[in-house]
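Form predicted on its own, single chain, as C-alpha cells, below.
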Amino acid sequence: MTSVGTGTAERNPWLTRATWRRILRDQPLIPLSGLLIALVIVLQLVQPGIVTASWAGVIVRQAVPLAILAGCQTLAMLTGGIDLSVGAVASMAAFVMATLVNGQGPVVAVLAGLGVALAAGVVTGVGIGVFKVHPLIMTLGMSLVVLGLVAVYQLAMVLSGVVIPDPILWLGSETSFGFLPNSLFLFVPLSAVIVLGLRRSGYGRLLFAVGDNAIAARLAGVRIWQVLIVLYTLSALLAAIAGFLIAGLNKTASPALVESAVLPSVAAAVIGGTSILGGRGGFAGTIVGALILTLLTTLLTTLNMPEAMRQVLFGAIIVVVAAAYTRVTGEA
C-alpha cells in the first residue's frame, strides 16, 4: 500500500547525489566506460568511417605501453607516492637492450635491459623506504641520474648501433588475424596478475593499507620499507617492459624514447580512479584511462592540434579529474 498526502514524493535512488558519489568512488569503470564510448562516437562523427576493427587494433596497440606505465603510477599512488622515473627507466632499458643485440644476442640484451631497470628500482625503493626521501623528489632525482648515465653510456656505445630484436618488433608493432595487436599476448596475462594481485594477494592488501593509513599499518607490524622497495622495483620492471614495447612499436630506441609518456601515465592513473592521496584505486580503471587518453590523442591529431596542446590537455585533465574525485568521494 502507498500512503497519500505525506507531502513528499519518493525520489529515484539513481538521481541522488549520494548514489553518484558512491558509483564514482566504488565503481569508476561505469562512468569511464561511458566516456570511452562517447569518445568513439565523437571520433566517428568527426571523421566518418574511422571506427573499424583495424583502427581499434591500432588504438589498443598504442594504449598498451601507456597502460603499463600508468600501472607503475597506480601501484605508487596506492601508497600515496608517485613514480616520475618511469620514462627515464623505460628509455634506458630499451636503449641498453637495443645497443647490445649485435654483440650479445637478443636474450642477453633483453635481460640486460631488465637488469638495469631492476637496479634503478631497488635504489629508488631504498631511497624512499629506508632513507625516507619523498617519492616525488626521489623519483625525479632518479630520473635525472638515469638520463645522465644513459648519456654517458651512449657515448661509450656510439659504434654499436641500435637494433630492435625481432621478438620485440613482433610484440610491439605487429598484429595477428589482421587486427589483434600482438602486445595483447603479453599485456592480458600481465594485467590479470596485477589486477588479481592487488585484490587477492597479501602484498596487494599491504599497498592499500600503507596508502590508507601508514601509521596504523606500521603499528600493525607492517614493514613499510620492505613494501616500498618491492613496489618501486616492480614499477621499474614494468617500465622496462613498456620501454621494450614502445621500442618495438617505433622500431628504434633512444635515451629519451619514453620521456614524453610520463605525464600521460600519471593522467591515465588519475582518470582511472586511483587517488593521489593513496589507499584507493585499481589497475582496471587505469587501463580504461589509458584508452581514453589514446582516443583523446587520436581526436586531437584528427583536429590537427599540436603536441603542445596535448601536454596542456593532459596537465589540465590531471588537475580537474583529481579535484573532481576528491570532491565526490569526500576526501580531504
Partner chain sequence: MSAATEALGRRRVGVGEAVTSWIRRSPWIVALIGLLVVFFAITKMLVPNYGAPGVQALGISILPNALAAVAQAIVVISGGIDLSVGSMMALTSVVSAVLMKGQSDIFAVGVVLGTLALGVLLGAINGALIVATRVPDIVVTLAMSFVWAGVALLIIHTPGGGAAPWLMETIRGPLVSEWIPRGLVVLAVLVGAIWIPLRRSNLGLSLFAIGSNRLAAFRSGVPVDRMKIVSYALTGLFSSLAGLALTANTGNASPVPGPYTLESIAAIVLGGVSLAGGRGGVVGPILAVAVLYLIRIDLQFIGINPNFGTVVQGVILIGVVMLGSFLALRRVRP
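Numbering follows the first chain given and starts at 1. Being a predicted model, the structure only gives us computed values, none of them experimental.
Beyond the structure shown, there is the form predicted in complex with its partner chain, which is absent from this document and is the topic of what follows.
Colleague: Closest heavy atom of L43 to its partner chain in the model of the complex, within 4.5 Å or not?
Modeller: Contact check for L43: no, nothing within 4.5 Å of its partner chain in the model of the complex.
Colleague: Is there a heavy atom of L155 lying 4.5 Å or less from a heavy atom of its partner chain in the model of the complex?
Modeller: Answer yes; at least one heavy atom of L155 falls within 4.5 Å of its partner chain in the model of the complex.
Colleague: Taking any heavy atom pair closer than or equal to 4.5 Å as contact, tell me whether A151 reaches its partner chain in the model of the complex.
Modeller: Yes.
Colleague: Can F177 be called a contact residue for its partner chain in the model of the complex at 4.5 Å between heavy atoms?
Modeller: No, no contact at 4.5 Å.
Colleague: Has each of F131, H134 and I137 got a heavy atom lying within 4.5 angstroms of its partner chain in the model of the complex?
Modeller: Yes, each of F131, H134 and I137 comes within 4.5 Å of its partner chain in the model of the complex.
Colleague: Though its partner chain is not shown, can you say which of G197, G103, P106, G141 has a heavy atom within 4.5 Å of it in the model of the complex?
Modeller: The residue from G197, G103, P106, G141 that makes the contact is G141.
Colleague: From the list G211, G204, P165, G127, which entry has a heavy atom within 4.5 Å of its partner chain in the model of the complex?
Modeller: Answer to the contact question: G127.
Colleague: Within 4.5 Å, heavy atoms only, one stretch in 285-293, 301-309, 60-68, 34-42 touches its partner chain in the model of the complex. Which?
Modeller: Careful reading of the contacts points to 301-309.
Colleague: Counting only non-hydrogen atoms and a 4.5 Å cut-off, give the residues of 303-325 close to its partner chain in the model of the complex.
Modeller: Read in sequence order, the residues that approach its partner chain (within 4.5 Å, in the model of the complex) are P306, A308, M309, Q311, V312, G315, A316, I318, V319, A322, A323.
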